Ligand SMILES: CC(C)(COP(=O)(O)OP(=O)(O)OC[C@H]1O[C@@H](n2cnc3c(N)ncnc32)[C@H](O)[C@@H]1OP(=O)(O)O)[C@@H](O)C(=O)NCCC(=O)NCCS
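Below you will find one chain, with nothing else, as structure tokens; this is the form predicted on its own, and questions on how it binds or moves follow later.
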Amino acid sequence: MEHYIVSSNTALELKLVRKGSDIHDSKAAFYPDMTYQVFGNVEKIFGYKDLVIKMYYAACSLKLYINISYSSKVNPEQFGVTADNIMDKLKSYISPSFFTNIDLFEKCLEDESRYKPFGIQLDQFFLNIKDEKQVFEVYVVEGENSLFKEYFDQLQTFVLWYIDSSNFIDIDDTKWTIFIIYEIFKNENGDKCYSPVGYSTVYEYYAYPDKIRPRISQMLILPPFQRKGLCAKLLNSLYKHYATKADVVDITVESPNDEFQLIRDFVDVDNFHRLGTFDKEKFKKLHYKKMVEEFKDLYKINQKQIRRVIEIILLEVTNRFDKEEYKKYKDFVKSRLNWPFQKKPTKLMLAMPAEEIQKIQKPDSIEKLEELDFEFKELEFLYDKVIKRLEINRTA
């Protein structure tokens, strides 16, 4: 029966279709990183040979075509088991209105230029990719809109395949703000078209007494457009939007993964370098109070992330071949890492084994020193990746 079990990660084929020829172009296809939220934790589909699940989106309107094909299907009378119902698994996540006829889907591409972005334009920028100038624009959508809700429900299906433990957001809740980045291109008739290439969702939490604290919930750049610096551009556009709002305390991020944290660090450190008050020599001497004030005012960065930015820039200006200078830097970082272990006993600690409490309360214990050293090396490795990207960006 093994030949009737296929990986849902390889069976699912996605496309953003801009023209009819994309439908038959294998190079236009991309595949999910994960499918467990739809097809189960083992990410397998039972009952089919040579299974292909085509989910093709019209690149602008996101109208959807679905086709399920296979060379053979398990016979329940012969084997006593039935094949998985693929459409039954998908229907909870997709719009009930989709194409099953490829000719009708291709016909709908003729109307793609009629689609215009929702919301207000925040930004426009240009990238040279493969010697071709490409235009991108960022729009922000605030408040409920029934047409936008239908459109966004299609767009957010992509989080199922690329963001771990993701959930669809309910944009009927007006505290949600959506940022969408589009590529502007011309179709075969020369008409201007807008194709979404990524988006971010932000929830604006209340902050006493009359402020808000926006929290970035999701940020996704679709696979065909990744590794082009678009996530950094989108994040900066988001900062630009909130920089003009006097009621914003600061911006936080909900459970950032390592990849997003790297981009966030890169953007924040790069922005810090661009401050009018930035002075490398003063910073090295820890005289950065005015710089931090300007940075927080301009970008609404929260205190925890500011500390991280400071540590990255200090590493950048530290001579690691100078033992004394390098030790000062390590002590500076470790003083923060050691903070949780300097707290007074809590109810939770009192419920812990005695040896664990002793380990926490003795910052000079061998175990604690080893742990601090390990945490520092992990951070230094991540910080070096940010510094390397900054160096590449400056020479590009």
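These numbers come from a predicted model, not from an experiment. Sequential numbering from 1, following the sequence displayed.
Not pictured, yet referred to below: the form predicted in complex with this ligand.
Heavy atoms of Q303 never reach within 4.5 Å of this ligand in the predicted complex, leaving it off the interface. Of the heavy atoms in L315, none are within 4.5 Å of this ligand in the predicted complex. Taking the partner from elsewhere, N101 is found to have every heavy atom lying beyond 4.5 Å of this ligand in the predicted complex. Under a 4.5 angstroms non-hydrogen atom cutoff, this ligand in the predicted complex has Q226 among its neighbouring residues.
From the list 316-324, 227-235, 82-90, 168-176, the contact stretch for this ligand in the predicted complex under a 4.5 Å heavy atom rule is 227-235. Taken together, the three residues F118, K149 and C193 all stay farther than 4.5 Å from this ligand in the predicted complex, as judged by their closest heavy atom. Only one of D297, E259, E188, D247 lies close to this ligand in the predicted complex, with a heavy atom inside 4.5 Å, and it is E259. Proximity to this ligand in the predicted complex, defined as a heavy atom within 4.5 Å, holds among I212, I310, I263, V74 only for I263.
Scanning 287-307 for heavy atoms within 4.5 Å of this ligand in the predicted complex gives no residues at all.
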